[in-house]
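Single chain ahead, written as structure tokens, the form predicted on its own.
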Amino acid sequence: MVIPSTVKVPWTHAVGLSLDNPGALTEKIKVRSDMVLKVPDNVSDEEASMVEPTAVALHGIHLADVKVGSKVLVIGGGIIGLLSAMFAKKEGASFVAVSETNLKRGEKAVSLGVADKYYNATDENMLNEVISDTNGGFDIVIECCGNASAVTSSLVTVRPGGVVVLVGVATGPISIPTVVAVMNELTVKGAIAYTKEEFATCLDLISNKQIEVMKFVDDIVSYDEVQNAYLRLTSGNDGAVKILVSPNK
């Protein structure tokens, strides 16, 4: 089905997602008053900027319904992936792993304490290793990349009857082996953004010091340094997962 350009899908006008509604790097932005939350005095501007990605991760974890003892794989070691791994541990998962093509990001997931193990996504033996480590596959896989390889990996690394949550967003059609989902009777869920309640919850968690988000921030740059920051984040060989932009630098 092709959606006509005249049909307005709700999320296509969301702040930060649409092409005609500005998001980051703007001096001012207009939003609905009922969507504004007061930032507690003990939360810094830098911490406040981390509420949004933290809420995205929490929403995915809620959809996955992580339970005490769950074995969880997060595919993608970017900021959403690492925050998802953090919340999986917080919910009581007994084994949390991160799959990444970027060695430095994978190692960071373990060194920051949000993952018990890092799998090299380019290793042809990864699937055998997963089956051995989990006795048949992960209970839950959180996919945070959105490309065909990552989605396919999520379908084959989850156990029969398991749950896959697609947090990553593909920019176009992708080809995946749906037969795996059918034959193993998988539950596959899509996740977009977060609820207002989840956003408020993350702000409270940061304010109450129940989670530490600044450990995920690699750098704070000025507007002049933005282009280089993007290059670092997309290079595939830099360990950075989150770089903040400060208009005051």
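Quantities reported herein were computed from a predicted structural model and do not represent experimental measurements. Residues carry their position along the shown sequence, with the first being 1.
This next part talks about the form predicted together with a small molecule, which is not shown.
Chemist: With a 4.5 Å heavy atom cut-off, would you call V169 a contact of the small molecule in the model of the complex?
Modeler: Taking the distances in the model of the complex, the answer for V169 is yes, it comes within 4.5 Å of the small molecule.
Chemist: Please determine whether V56 contacts the small molecule in the model of the complex, using a 4.5 Å cut-off between heavy atoms.
Modeler: Yes - in the model of the complex, heavy atoms of V56 and the small molecule come within 4.5 Å of each other.
Chemist: Taking the small molecule as it sits in the model of the complex, is I140 in contact with it (heavy atom to heavy atom, 4.5 Å or less)?
Modeler: Result no; I140 lies far from the small molecule in the model of the complex.
Chemist: Is S149 close enough to touch the small molecule in the model of the complex, meaning at least one heavy atom pair within 4.5 Å?
Modeler: Result yes; S149 sits at the interface with the small molecule in the model of the complex.
Chemist: Taking a heavy atom within 4.5 Å as contact, would all three of A88, L203 and I211 count as contacting the small molecule in the model of the complex?
Modeler: Not one of the three qualifies.
Chemist: Can you pick out, from A193, V188, V43, V217, the residue that has a heavy atom within 4.5 Å of the small molecule in the model of the complex?
Modeler: That would be A193.
Chemist: Pick from 155-163, 72-80, 108-116, 88-96: which stretch has non-hydrogen atoms within 4.5 Å of the small molecule in the model of the complex?
Modeler: Looking at the partner contacts, the answer comes out as 72-80.
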